[in-house]
Ligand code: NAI
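Read the single chain below, which is given as structure tokens and is the form predicted on its own.
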Amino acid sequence: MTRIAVAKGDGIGPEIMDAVLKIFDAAKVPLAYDFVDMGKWVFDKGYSNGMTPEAQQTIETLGILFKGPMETPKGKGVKSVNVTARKTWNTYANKRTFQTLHGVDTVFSKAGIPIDITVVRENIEDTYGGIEHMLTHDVALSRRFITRPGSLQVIKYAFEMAKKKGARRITCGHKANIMKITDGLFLEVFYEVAKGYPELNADDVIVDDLCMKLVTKPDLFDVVVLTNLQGDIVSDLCAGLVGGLGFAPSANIGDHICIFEAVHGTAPDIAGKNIANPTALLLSGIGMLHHLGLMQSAVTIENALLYTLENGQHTGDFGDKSKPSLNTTQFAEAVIANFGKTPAQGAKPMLQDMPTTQTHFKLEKNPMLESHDTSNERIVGVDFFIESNEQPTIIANKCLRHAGVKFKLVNISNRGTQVWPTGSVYTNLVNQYNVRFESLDDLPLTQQDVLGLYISLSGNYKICSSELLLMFGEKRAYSLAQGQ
């Protein structure tokens, strides 16, 4: 018997979780449940991360969390409990599978176009760090972190998963044509990992082009791996291809802890009415059973679900409206009644259970992810982000006086577009500029040199933020302004 942590969630969460666990119990799935306190009502009790300390300890002990949808209170300055859980436990890979379900009509099912796409989304980094600052009263900044070790974790997982799936293609979605440093790093790691999987057809597509192709020819794609924000958007797009978030399972995979959840909303308008659709949570639970090696239970339940859908049994949010809809409890009972039956299309073959030993990890310190860097790093300049409503030439004249004997002013930009030494009067400005200083005559620079320039320049301007300009060997580690 394997013990797992279960959080029922908010809104319709308790109803659909009860339905899924009823199906598990009827299938005699060898699981035991430790119910934990997470969600909006825990926020309301004063726990800022949306979970009690006891819940966190239980989840970290058991290593598996099965959770319903959860709501984050609005306007209280708190972070999403869903994002917090994924990041706290470093569940770095969000795996979401999107398959044609017979009985769930879509544009593509009616056209006879089969869909079988797995999206792997990086789950920790990107703008989801939520590190934001107001630089001036008009200018907000969000920091976007893409790291080599973090990219390696999720991309390695995607390739391993694609190999086990027997995928014909693995695609990296990205925006490296614009974000050449951040998305460029993610894409670079993708092709580094691809060298170890010559049997897989690895390619890349710019994310906007990927979205267009997904809604016109989704059957071209198999496994797609993306950064966090882009993966969030693309995975919901793919959910729309197969009928919506009510049919989209989600697994968050980490080295020590994994989370299986429904990613649709809490639907407070129908909470307590026993009419919610439990399919997405059930599919997530089936994925959890596969992860735990409980293959026979997973296949029995999945075939029964597919048979139920194929026969037109449905809750009120989908299906043939000429047939009466089932409530949440009745839908679960229909799935149970169909145990042992197989659908005419998409039946899953029976598999043997895989013996697994539940491992309890107790870490003594935070793991440090760091790649081995042999390049020669040196400081070649600095970007200062200053507040000013002056014209670029006035700012340049003041900045030139501060350059001293080690720096030269090379560029001033506004919202990423160069406005000095060349630019256009038609470029609209906001009250925050980036002034770029580089080393004079390529002389070596130190942080103390940069701090001296900072102190000098701060006599004229409020410096909102600053970044060192680095070179790694002969590779420039910073972007140029538009027009530079």
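Just so you know, these numbers come straight off a predicted model, no measurement behind them. A residue's number is simply how far along the shown sequence it sits, counting from 1.
Separately, the form predicted together with this ligand exists; it is not shown, and the next lines address it.
Think of it this way: in the predicted complex, this ligand has a heavy atom of just one of 276, 283, 289, 158 within 4.5 Å, and the residue is 276.
When you look in the predicted complex, the only residue of 152, 214, 298, 245 with a non-hydrogen atom within 4.5 Å of this ligand is 245. Look at 257 to 265, 124 to 132, 171 to 179, 223 to 231: in the predicted complex, residues with non-hydrogen atoms within 4.5 angstroms of this ligand sit in 257 to 265. Using a 4.5 angstroms threshold between heavy atoms, residue 436 stays clear of this ligand in the predicted complex. Not displayed here, this ligand is approached by residue 70 to within 4.5 Å at the level of heavy atoms in the predicted complex. Within 4.5 Å of any heavy atom of this ligand in the predicted complex lies no heavy atom of residue 113. When contacts are judged by a 4.5 Å heavy atom cut-off, residue 12 counts as touching this ligand in the predicted complex.
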